[in-house]
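A lone chain, given as structure tokens: the form predicted alone.
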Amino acid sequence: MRLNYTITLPIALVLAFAAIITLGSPGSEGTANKAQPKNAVENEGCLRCHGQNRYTYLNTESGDTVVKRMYQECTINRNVFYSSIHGNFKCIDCHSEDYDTFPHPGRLRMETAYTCNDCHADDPMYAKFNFEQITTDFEASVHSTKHSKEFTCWMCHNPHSYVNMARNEKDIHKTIEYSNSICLACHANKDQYQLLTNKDNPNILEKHEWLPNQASHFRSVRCIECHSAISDSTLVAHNIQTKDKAVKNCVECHSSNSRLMATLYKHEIQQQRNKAGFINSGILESSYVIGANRNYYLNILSLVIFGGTLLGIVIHTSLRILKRKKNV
């Protein structure tokens, strides 16, 4: 049956005006200029299930609609993904197009996950990041030598959420928090830790009891500052050392040639090197490290003041002695 609608002119004007208000209102879902993430439409085919904690499907045997919980490791937060370093990708850029049917073909469970170098190696566009050297350093690390192929890039760098904080975040404390959260995702999580080993997960606080002002150190430096070998050719060190090689010498950081210059503050120093005499300019910009924050000219000035004060005392004492001898 066909339905015919007749709208009078006044009603039509009211509806049109309401539509304009709706499209122009801040936060409205109908905002005409609201920008969508690249490939959001294509990805929604996957995220309508994987973008929430539950999914529904039709049981073809019973004809019922079934609601199931989505496995946590298969749940992708839309906002986090579209803010990540791979947020402009389509799901099928990395995953098989055969996922377009449900139930998904069982063989897809065996699909090999890409590593970073599958895309980034030997590509002039990414040459400045030295992915090949990162791989070499990682393969020499305790993570690789102890766990072999079981420990992949994904263990630390989830491609659905990873953000390059070290290169893009101006607040060094946010970079520290983000980096340490990656380490603690396993080392402070027994369930995750035991995916790779049958050993008990060591208590982080107990293992670092020797560290003075422990909480301050945890807030101010990344785990990798003390637990990795410094690399001159990469921004973030990936050669994680065994626990017996961890840095425990305070002078390594608390000195004018602080280890932090080649690790935590490396990018900032490269970008904002001060040519006016600041030896540790990057550190001075972000925080105070006892024994590491020094200014060449201030050091000279302090020596001059100290020397002048000492000289003044000597002259004053000498004059007092001479005057006393004259009076005698």
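In this text the structure is predicted, and so the values were computed from the model without any measurement. Note that residue numbering begins at 1 and tracks the sequence as displayed.
The same protein also has a form predicted in complex with heme C (HEC), omitted here; what follows describes it.
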Just one of Val247, Ala140, Val80, Ile230 has a heavy atom within 4.5 angstroms of heme C (HEC) in the predicted bound form, so which one? Val247
Does Asn213 reach heme C (HEC) in the predicted bound form if we count a contact as any heavy atom within 4.5 Å? yes
Residue-level contact is defined here as any heavy atom of the residue lying within 4.5 Å of heme C (HEC) in the predicted bound form; does Leu47 satisfy this criterion? yes
I'd like to know whether Asp171 contacts heme C (HEC) in the predicted bound form, with contact meaning heavy atoms within 4.5 angstroms. no
May I ask you to state whether Asn88 is within 4.5 Å of heme C (HEC) in the predicted bound form, using heavy atom distances? yes
Within 126 to 142, the residues that have a heavy atom no more than 4.5 Å from heme C (HEC) in the predicted bound form: Tyr126, Phe129, Phe131, Ile134, Thr135, Phe138, Val142
